[in-house]
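A single chain, nothing else alongside it, follows as structure tokens in the form predicted alone.
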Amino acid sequence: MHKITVKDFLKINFRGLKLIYNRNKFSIPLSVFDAVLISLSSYWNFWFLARLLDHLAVNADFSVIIKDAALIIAGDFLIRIIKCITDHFIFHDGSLFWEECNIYLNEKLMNMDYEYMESEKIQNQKRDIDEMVRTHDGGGMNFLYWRMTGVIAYSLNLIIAVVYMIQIINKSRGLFTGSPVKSALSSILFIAVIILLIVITMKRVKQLKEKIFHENETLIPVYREMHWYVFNCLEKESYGKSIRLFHQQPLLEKHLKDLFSEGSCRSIRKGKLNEKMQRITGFLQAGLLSIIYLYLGIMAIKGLLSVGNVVLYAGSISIFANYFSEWVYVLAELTTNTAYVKAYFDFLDIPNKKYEGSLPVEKRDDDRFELEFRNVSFKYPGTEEYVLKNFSIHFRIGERLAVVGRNGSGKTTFIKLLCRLYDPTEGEILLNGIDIRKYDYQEYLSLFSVVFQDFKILSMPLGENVAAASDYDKEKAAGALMRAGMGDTLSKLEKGLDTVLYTDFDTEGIDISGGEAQKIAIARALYHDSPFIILDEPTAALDPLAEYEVYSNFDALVGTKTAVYISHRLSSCQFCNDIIVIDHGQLIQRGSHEELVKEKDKLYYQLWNTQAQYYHKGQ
């Protein structure tokens, strides 16, 4: 476990409290007020019971006795009523808190540089935060929120109890009549024993909390794997077929049982450590009570305390012993939890490396945007192998560019760089002669409409899927769907563009085929009407003839825009007047299909010749 210093502990938790305050400025004042009520409810009865007993001892007037009793009953009742109301608001606020903390995480995910989305390390950081909540009873920010009131209340009670302890010590000066030295020594011994008990207990509790933290850490990967198998293998239809056809049920059952057994063993060990820690704090409580009650008893016998004082100090000692053990326990928990809060903020603090730029992109009605790759080399973060090397190309405005090559040759990387999902490791990409990094990032992205191979359709209304927005032009969305070949399907839908796709969250939703999903993705690209249209192998699951048909139809829709097509099937790109061939990250050929197929000693011809047998109907 990474050692958390006192400085780190204070810095991290104060930052957490600041987030709580900025989210809702009433959260901390409410917790403080609730803590004051807890302290009041702890001491109220002792204060006025001590007063009542002292009045009874001196035969005070009956009206005074009644007043004391009324204060005990009425005050306790009022404190409880106010606390119930306060707890209602705290519970309501707290029930929303973790979800809002999750929103901050999700906003970070959506707005961080795209390269982080492909980083397993970053994804594991996010998963670890999710698992911390499951393995540490709401660990992290949620734990800090719910322990906030307790820490304040315990601290207030301890301060009040310490004041009474000082009073006890002050009154004990007369314990040995005529011998102030003995009285002082007894007080010092009394304090020393209490401090020794506290130090020994806190040290042992700290050791146990470190062991509990270790158990939590080892539980995280176990629960992560267990949830993955349950969510994917047991709940997803796509896995269901293979599981049944290959009789994988015993295999999965055994693996899940092993995971469950390991998780249970670790949870049991964690539970035993918690029980041991509670026994130790209970021992501290019992030890403190025994020592202080003995001390009080001697003082009462010596006549140094009144009846009311005995009740008041005995009550305060009881509260001190109870809340000190709780305070030690929760402080140890907070020390452990600080590592989880730090993990939360570490994720939020991941810096975006991408320079956003500030230049506005020129608005052109003729879509005359010129793009150029100039000696671009690129390797993915954390790797040493170049995916593209000294890659140079100039786009011909308004024409069709096909990008072909073997799998893994760098075709999709070329598109990611073009769309500035990544920046080049070396070299530069120019738009109208200016480095694209100098342009406003969002404006630059708006130049591209892309349909990736792994395009996603959301479980939302059809129109919102096409427009990628909740507020959109319905006539334009319907037009885009008709142009993409979804006109007949749209006309048959009772709710039209408001039809929810899939049944994940709406029982009235409709399931769509892969071909329909593909057309919706193409309609989305058409709706956004960007100067550059890119198809990055979105038809890879189709046969060559079906893919060629999709590409040809889409080409007719592009009009005068610049279009880029990526496919590992060369037949789909014959209509393009410009084809580039990438191999091992380098541009090795460029020309039309007719020109390239004549170069029989080069890669394009080899690929074409290998695939040609699939391009004829009936074969």
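One rule holds for the numbers: they count along the sequence shown, beginning at 1. As the structure is a prediction and not an experimental result, all values here were calculated from the model.
Beyond the structure shown, there is the form predicted together with ligand ADP, which is absent from this document and is the topic of what follows.
- When contacts are judged by a 4.5 Å heavy atom cut-off, residue 104 does not count as touching ligand ADP in the predicted complex.
- In the predicted complex, at least one heavy atom of residue 408 sits within 4.5 Å of ligand ADP.
- Residue contact check for residue 335: none of its heavy atoms lie within 4.5 Å of ligand ADP in the predicted complex.
- The closest non-hydrogen atom of residue 373 lies beyond 4.5 Å of ligand ADP in the predicted complex.
- In summary, among the residues 413, 530, 187, 318, the only one with a non-hydrogen atom within 4.5 Å of ligand ADP in the predicted complex is 413.
- For the residues 383, 95, 111, 242, the 4.5 Å heavy atom test against ligand ADP in the predicted complex is passed only by 383.
- The stretch that touches ligand ADP in the predicted complex, counting heavy atoms within 4.5 Å, is 415-423, out of 437-445, 255-263, 163-171, 415-423.
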